[in-house]
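Only one chain comes next, encoded as structure tokens, the form predicted alone.
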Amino acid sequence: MNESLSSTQIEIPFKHQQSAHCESGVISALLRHHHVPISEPMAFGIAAGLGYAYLPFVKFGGLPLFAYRMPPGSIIRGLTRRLGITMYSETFRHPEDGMRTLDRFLFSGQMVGIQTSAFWLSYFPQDMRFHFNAHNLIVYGKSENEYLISDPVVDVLVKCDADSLRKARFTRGVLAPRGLLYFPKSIPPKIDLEQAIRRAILYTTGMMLYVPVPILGIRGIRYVANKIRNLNPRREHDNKLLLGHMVRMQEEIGTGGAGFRFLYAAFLQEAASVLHQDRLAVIASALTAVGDEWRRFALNAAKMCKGRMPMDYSLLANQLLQCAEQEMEIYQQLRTEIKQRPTTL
């Protein structure tokens, strides 16, 4: 791109809306921009984004990974696949190619979603930056050497200088973004929202109830509960590091474990209206209560780590088991409710 074009100002008309989670927030915003009226909770639910995983072989800050949602990228793929939407996506070997392509789309009037590292985004305060390479946002324009950005976790539109955005898009490490950019390429004239909801609920409940791996789904929650119960009291320092890490993964990284339960509950409330099945709204209230229990677990663990409560591994284990039992009952009820009407999987 020549110098005159790179210095041109472009701003694509776009309505910013803060959301609970970056990936579901970006894809729902992109679809609304393309006249597909879908909320973030509906996007998250149809994408089958809810989950649980304990991955001791994947390290985050030197400690095992605890995940409360499906892997990064799965929300966009799951949502668009179930709605029959074709996405354009591209990654790059060289940062220069990635930045040129981004400019080319912007100047053609096409705003794009991109994957970044939150650490390098210049509009985040220094004390809020952390090395997470799967943070999604929307670029909707450019002004001189700054890009105009709609970050779904920020309440206002922001700007990021070109050098910082280049670093954020092409950082290395786990989940390296490789300059990924994407946008809807083809949207069907009519979307079968009802069938997409049913298929997604059956998929999520099946994953949480029946996956034959002991570290995933309901079995994974129970596995972690037993692991906490059997921690060696003589290794309290190491135990506090693990519990503190669990609290951060659950409540500070992204939307968090409880937050995803609240988001899925909001999806079920919307689904109750779309499917004309009021029972789904009752189940949504029960899932909200489970989210509250996850929050109480995190609060107790944090107090124990800070010495404000006696260390009680059995208490924490029992709270997690309670979450597991309540979620199991909820997912069983959901499958029963959804199967009352036929669907094609």
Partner chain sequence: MRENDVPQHNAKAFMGHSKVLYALDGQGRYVATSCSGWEAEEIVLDQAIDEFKQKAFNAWDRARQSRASTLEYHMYHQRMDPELLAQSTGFFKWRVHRHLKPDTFAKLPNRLKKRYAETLGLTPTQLVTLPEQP
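Numbering follows the first chain given and starts at 1. Worth saying up front: this structure is predicted, and the values here are computed from it rather than measured.
The form predicted in complex with the partner chain is left out here; the points below concern that form.
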| field | Any non-hydrogen atom of residue 173 within 4.5 angstroms of the partner chain in the predicted complex | value | yes
| query | Does residue 248 reach the partner chain in the predicted complex, with heavy atoms at most 4.5 Å apart? | reply | yes
| 4.5 angstroms heavy atom contact with the partner chain in the predicted complex for residue 156 | yes
| message | With the partner left out here, check for me: in the predicted complex, does some heavy atom of residue 241 sit within 4.5 Å of the partner chain? | response | yes
| remark: With the partner omitted here, the residue among 126, 186, 108, 230 that in the predicted complex has a heavy atom within 4.5 Å of the partner chain is 126
| Between the options 55, 282, 309, 299, which residue brings a heavy atom to within 4.5 Å of the partner chain in the predicted complex? | 299
| 120, 269 and 288: each with a heavy atom within 4.5 Å of the partner chain in the predicted complex? | yes
| query | When the partner chain is placed as it is in the predicted complex, which of 272 to 280, 290 to 298, 45 to 53, 313 to 321 ends up with heavy atoms within 4.5 Å of it? | reply | 290 to 298
| query | From first to last in sequence, which residues of 14 to 29 have any non-hydrogen atom within 4.5 angstroms of the partner chain in the predicted complex? | reply | 18, 19, 20
